[in-house]
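Below, in structure tokens: the form predicted alone, a single chain.
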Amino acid sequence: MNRYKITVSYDGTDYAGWQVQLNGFAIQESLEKAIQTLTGAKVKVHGSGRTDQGVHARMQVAHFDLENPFKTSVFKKGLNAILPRDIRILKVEMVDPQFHARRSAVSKEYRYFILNTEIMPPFLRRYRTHIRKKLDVNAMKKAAKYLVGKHDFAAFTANPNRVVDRGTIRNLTRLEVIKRGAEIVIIARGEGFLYKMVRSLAGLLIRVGEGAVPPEDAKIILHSRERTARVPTALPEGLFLWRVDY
């Protein structure tokens, strides 16, 4: 079998998320159908991780196996001709059979985009979370510093009772808040993330920016390991899977 690694970019607005499911059309399903149309082979596409409904990816990584080899340049061009315009294959590579899109990843970076202004330009509504109230970015930065490092992030998973094979301890190597005019970007990088963890981190930082939660309470919430209403799940449209490193 020949193993292919693909780098995929997509607008997740009109999809039920990455993973194939019964209640809507998924990115994974769209890719598998396109590959079957092009090659005649039914394949399973394995992603580096799942993105939720409405979440986007600048550079998602996936792999699949094919019995018959295809020229990578032809493969990329052919898939992009079949796929809908909101999904694009950026790169196709033939890799070692031991490569695994999820297990071989050493880190991931997500970026959450907020437009902190009175009026949301309609052409940005799919890709920015709109918050009218002026956010205290310095307070958000202070709270973010308490969360960087290797911790038990049980308070930041959207389903605290869900059984997680590796537990709820994760190493968050970067959590930074950057302001660019009316745009605020939250950058989260780590070895791996829990279910809706990035949106939960963003949700807390937004609450801090609004003045509803003191920055110092981020440390208290983290160490409590209990999910409460003080950690809301931020809306999906502002979130992008930015990159995956191997």
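One-based numbering along the sequence shown. Keep in mind that what you see is a predicted model, and the values were worked out from it rather than measured.
We do not show the form predicted together with a further copy of the same chain, though everything after this point is about it.
The partner is absent here, but in the model of the complex a heavy atom of Asn80, alone among Thr173, Asn80, Ser104, Asn138, sits within 4.5 Å of a further copy of the same chain. Distance criterion of 4.5 Å from any heavy atom to a further copy of the same chain in the model of the complex singles out Arg58 from the list Arg50, His46, Lys219, Arg58. Segments offered: 112-120, 96-104, 138-146, 151-159. Contacting a further copy of the same chain in the model of the complex at heavy atom distances within 4.5 Å is 112-120.
Shown here without its partner, the chain carries Trp18, Glu29 and Leu194, none of which come within 4.5 Å of a further copy of the same chain in the model of the complex through any heavy atom.
Contact check for Arg88: a heavy atom falls within 4.5 Å of a further copy of the same chain in the model of the complex. When a further copy of the same chain is considered in the model of the complex, Tyr4 lies well away from it, no heavy atom lying within 4.5 Å. Although the partner is absent here, Ser9 lies within 4.5 Å of a further copy of the same chain in the model of the complex, judged by heavy atoms. Though the partner is left out of this view, Lys76 does reach within 4.5 Å of a further copy of the same chain in the model of the complex, counting heavy atoms only. If you take 205-244 and check each residue for a heavy atom within 4.5 Å of a further copy of the same chain in the model of the complex, you get Glu237, Phe240, in sequence order.
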